[in-house]
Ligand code: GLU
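Next up: just one chain, as structure tokens, the form predicted alone.
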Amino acid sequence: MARSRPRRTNPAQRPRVIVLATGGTIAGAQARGPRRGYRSAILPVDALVAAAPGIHSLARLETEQVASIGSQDMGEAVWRAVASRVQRAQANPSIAGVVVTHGTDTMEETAYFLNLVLKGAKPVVLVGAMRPATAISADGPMNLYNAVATAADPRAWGRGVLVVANDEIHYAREVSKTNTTLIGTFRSTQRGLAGLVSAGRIHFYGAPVRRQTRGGTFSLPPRAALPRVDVVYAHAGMGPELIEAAARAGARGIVIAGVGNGNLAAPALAAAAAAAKAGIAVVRSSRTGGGIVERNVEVDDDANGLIAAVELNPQKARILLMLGLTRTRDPMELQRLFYSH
């Protein structure tokens, strides 16, 4: 286990870290009075930094407001804007790392997207909060403090995109949001944590096991939108209609959030096989939240032309499939991407 290092007190020795803000609950504010409701993406990035005492002792901070949205509204346009800005930071030798503030709802998707498209070894750390900035015991300030500490630490280089929350450091590929409201919502149940960070003191564990930013696998098409990929949720008594509707709507790929080991009822399986035969990439993932979806167990993937998501949950399988379809439409080539990423 890598041990924490003391913080630098000389301003000239502090690493330069860029904080890119996109909105989310970490920048949210409540209405007056004892109400549970709040609006996300209200506060600017400089207000978030100001709310974290001592954060400037960790790094020389620069801030930029890339977007001001709740992450339920996150999409390709903002992904591209963030990726472009982070890539410029990767190319700037004077910048040590990047922090991206983000809503928690889709943070795992943005983190995994960046993990696949960025090129470079510098730390990129996503951070959010479960409570708005005006809440009692808001978790945003400490999360941001720890995220900056992680991005400024040279031991974070080469680990791909990270997510920091609740004193934990997660790899983008492994992390998932698992609870609607709890502070400890993020879990890396498959391969475990990347490390811990407590009041800026960092303890890294093992290195990532799959390909990430250092490899720079995918390049975004400069003008064309990414291929459309839809997620279809499986359930008892599932028919073919939702899969057929996705195909009619123009999906180039479909991810099935299958029951159990990525399974689906016979009528839905027939529709999935028909979509695959028509040239649509169809991936079997699982709605369970954990485990591995293997090829050719209860479903004959070879015969049906389907792809197994392996460890990826449906939302991350969608990200990999969208990017994979910019390179190939061959199901077995796409399957190899799921084995390596």
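Quick note: we count residues from 1 along the sequence shown, nothing fancier. Everything numeric in this text was worked out from a predicted model, so none of it was measured.
Just so you know, the form predicted in complex with this ligand exists too; it's not on screen, but the next bit is about it.
- Looking at 66 to 74, 47 to 55, 312 to 320, 282 to 290, the stretch with residues near this ligand in the predicted complex, meaning non-hydrogen atoms within 4.5 angstroms, turns out to be 66 to 74.
- Distance criterion of 4.5 Å from any heavy atom to this ligand in the predicted complex singles out Ala129 from the list Val124, Ala129, Ala149, Ile243.
- Interface residue among Gly195, Gly160, Gly140, Gly103 relative to this ligand in the predicted complex, by the heavy atom within 4.5 Å criterion: Gly103.
- Shown here without its partner, the chain carries Ser188, Arg210 and Tyr339, none of which come within 4.5 Å of this ligand in the predicted complex through any heavy atom.
- This ligand in the predicted complex is approached by Gly24, whose closest heavy atom lies within 4.5 angstroms of it.
- At the 4.5 Å threshold, heavy atoms of Lys177 reach this ligand in the predicted complex.
- Taking a 4.5 Å heavy atom cutoff to this ligand in the predicted complex, the contacting residues in 38 to 56 are Tyr38, Ser40.
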